[in-house]
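Next up: a single chain in structure tokens, the form predicted on its own.
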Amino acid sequence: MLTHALIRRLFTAGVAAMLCLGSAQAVVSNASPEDFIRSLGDEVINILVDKSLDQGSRETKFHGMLVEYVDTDTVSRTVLGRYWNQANDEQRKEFQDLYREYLIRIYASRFSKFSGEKFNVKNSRTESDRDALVISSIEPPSGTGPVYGVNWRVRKTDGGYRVVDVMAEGVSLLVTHNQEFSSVIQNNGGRVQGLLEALRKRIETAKAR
């Protein structure tokens, strides 16, 4: 059974990859889904082990890449779920902005804990005419722990592939956040504004650490 700590650790690897799509996108925009994720993984590992990056520099770099190379429309709609249609245009825009910053603030501080992991892309399978699921694993340094599966749903766009979800040991990052955020909205009288306020508080708390 996956513990919350393990899920957070695996999702950190996944979010790191989502945040670091920039250089990989330019190189492998016309490659296969496996090549795209393999190149992406190489970039992620390089960043995870680069101790010269301070948190501020890392967050700035990640923010620009996340905005440009993740399918933020699909991600935002999936995470907000049925409440997307309830939200007005201003709330949708604010949610997209807050969710990007939330991912960066919450996960960036954890990236420095990764060292020595090996990222392996195994294969992929076609999910639809646009989507593919790339199967990969994250392996700790030899003998230090088990191997974990991390799968990537990638979507073919005019500009190349983009990641639209990450699944750690079968658990979807976006579904997990959808469930969490839906609960926050329900606990705030069904108001999307309640989630926006909660995300602002979480981001401010992360900034203060």
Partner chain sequence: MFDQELGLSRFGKAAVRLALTLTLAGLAAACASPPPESDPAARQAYYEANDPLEPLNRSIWAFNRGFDTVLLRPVATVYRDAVPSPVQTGVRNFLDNLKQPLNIANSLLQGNPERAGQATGRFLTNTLVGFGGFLEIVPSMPKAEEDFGQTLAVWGAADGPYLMLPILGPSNPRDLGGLIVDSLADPFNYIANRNDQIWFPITRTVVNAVDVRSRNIKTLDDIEAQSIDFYAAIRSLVRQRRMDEIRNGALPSDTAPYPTVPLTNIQNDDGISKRSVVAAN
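Numbering follows the first chain given and starts at 1. Computed from a prediction, not measured in an experiment: that's the story for all the values here.
Beyond the structure shown, there is the form predicted together with its partner chain, which is absent from this document and is the topic of what follows.
Residue contact check for Asn151: one or more of its heavy atoms lie within 4.5 Å of its partner chain in the predicted complex.
Residue contact check for Arg155: one or more of its heavy atoms lie within 4.5 Å of its partner chain in the predicted complex. Interface residue remark: Gln186 is counted as part of the site for its partner chain in the predicted complex, having a heavy atom within 4.5 Å. Within this chain, Leu199 lines the site of its partner chain in the predicted complex, having a heavy atom no more than 4.5 Å away.
When contacts are defined as a non-hydrogen atom within 4.5 Å, none of Asp97, Ser137 and Lys207 contacts its partner chain in the predicted complex. Contacts with its partner chain in the predicted complex, taken as any heavy atom within 4.5 Å, map within 174-204 to Leu174, Val175, Thr176, Asn178, Gln179, Glu180, Phe181, Ser182, Ser183, Val184, Gln186, Asn187, Leu195, Ala198, Leu199, Arg202.
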